[in-house]
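This document opens with one chain alone, in structure tokens, the form predicted alone.
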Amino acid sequence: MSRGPTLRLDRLLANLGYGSRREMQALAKNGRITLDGEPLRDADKHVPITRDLPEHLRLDGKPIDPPPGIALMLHKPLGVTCSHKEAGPLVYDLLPTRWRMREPAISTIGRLDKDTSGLLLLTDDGALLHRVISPKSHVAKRYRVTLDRPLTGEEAETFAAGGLMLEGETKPLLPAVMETLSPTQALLTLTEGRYHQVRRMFAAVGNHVTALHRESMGGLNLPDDLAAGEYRLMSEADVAAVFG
């Protein structure tokens, strides 16, 4: 196992949501925690916190969850909310229950509203979160938009010109790229993330969005084999692709 910053075993497992430090001490004494196949009975032992730790540390024979510094891609289904506290189904309900107890906490990188599906990123890495959402990063987000009424043919030019004003705001929008797919469907790529921006942009040109799906963030596309409600850990290459 490679070296890295260390943390006491009981604190590490408690921070990963497995239970209290006292409970982790009991598990260790009972031989239920192993390191490279050998029982680790001393919960005071410091363990290196490395990306490959789940390959070495096991609880009841199962690899532990990834240590802090994780990033996830999730295919957000319709009807779930990007919140820790709101009523109704939450995106966090799609993750293992113990993950809600992790420290640092896992949070969504930006939000998709309840009626929007598609690619959603989550992380416990505050620096990564702020880097993705920072206006300086210019991370483009592409949405598949279904509309109530046929396009007029002028929307792409209007969005590309920049300067469109949304109701209730005083700062004009940056240019956005629209590709028409059919009379009532389009792809829209933004580099901003204002509240309900896509829906409000089409409202500003006299239309109504009936379905909205995010296909990509930066150079990272929602995988075809990631079904709605499923998630997977992001690799370093996946994270780099967001900024590619």
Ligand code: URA
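We number the residues from 1 along the sequence you see. Just so we're clear, the structure is a prediction, and the values are computed from it rather than from any experiment.
Same protein, other form: the form predicted in complex with uracil, not shown, and the subject of what follows.
For the candidate spot formed by Arg131, Thr191 and Phe243, no residue has a non-hydrogen atom within 4.5 angstroms of uracil in the predicted complex. Of the candidate stretches 171-179, 30-38, 60-68, 196-204, only 196-204 contains residues with a heavy atom within 4.5 Å of uracil in the predicted complex. Within this chain, Asp125 is remote from the site of uracil in the predicted complex, having no heavy atom within 4.5 Å. Interface residue remark: Leu212 is counted as part of the site for uracil in the predicted complex, having a heavy atom within 4.5 Å. In the predicted complex, uracil sits beyond 4.5 Å of every heavy atom of Met73. The closest non-hydrogen atom of Thr81 lies beyond 4.5 Å of uracil in the predicted complex. This chain is drawn without uracil; in the predicted complex, the residue among Val139, Leu151, Leu112, Ile109 with a heavy atom within 4.5 Å of it is Leu112. If you take 135-152 and check each residue for a heavy atom within 4.5 Å of uracil in the predicted complex, you get just Tyr143.
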